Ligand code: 3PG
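Only one chain comes next, encoded as structure tokens, the form predicted on its own.
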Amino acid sequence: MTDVLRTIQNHGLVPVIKLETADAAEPLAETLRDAGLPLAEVTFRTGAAEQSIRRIAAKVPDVLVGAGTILTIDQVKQAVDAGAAFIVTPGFNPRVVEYCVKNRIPITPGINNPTGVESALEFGLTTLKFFPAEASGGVAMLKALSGPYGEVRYIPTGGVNAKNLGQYLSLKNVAAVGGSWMVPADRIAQGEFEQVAQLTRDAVRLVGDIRNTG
């Protein structure tokens, strides 16, 4: 396991962030850090993603920042050049995965079935994004996958929230969960970072409570 993946597992929670403007990147990163979650997956779903990652990496270096929704090798290059420490993809693109593995770039590719798991294992990857989690069978599917693939750990994302978080984190094959409920795009866009801070603190506390009673 890489240091990046170990850090993600230690926190148990990956905030999946959509930023419409890079101006929000630095205050958001500071908010996450101060609320106890120095971790950010900035999705390449907007034109502000690359510059947002660059600003976080440069201005808030104690926040581990990665790039999500990566679809191409060019996007990998852009993200890494901007300072992204890890790559997350929604699906399993062999070319993107191969590029990252060859260049020793931590990558968590998205899968939602046994074929995807075995494709990842061919590249030596054992920590994978399970996406879209709820639509792909959720907890029941992850339990089913645990039998034949006991060494694989997952980061379920998609439909995961404060209400079902405990069901996922109680599974031995779940390393962490990804979600956006603590970083709502509308609050970020309006500069309501204190609300984001409270949501994040609540999420961090919830993860801690679940792990302590698990």
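Each residue number is its position in the shown sequence, starting from 1. All values derive from a computational prediction rather than experimental measurement.
One more form of this protein should be noted, the form predicted together with the ligand, which is absent from this view; the next part is about it.
This chain is drawn without the ligand; in the predicted bound form, the residue among Gly159, Pro38, Pro184, Gly166 with a heavy atom within 4.5 Å of it is Gly159. A single residue from the set Gln51, Thr46, Ser180, Asn173 has any heavy atom within 4.5 angstroms of the ligand in the predicted bound form; that residue is Ser180. With the partner left out here, the ligand still marks one of 59-67, 185-193, 151-159, 25-33 in the predicted bound form; by a 4.5 Å heavy atom cut-off that stretch is 151-159. At the 4.5 Å threshold, heavy atoms of Leu13 stay clear of the ligand in the predicted bound form, well away from it. Contacts with the ligand in the predicted bound form, taken as any heavy atom within 4.5 Å, map within 114-134 to Lys129, Phe131.
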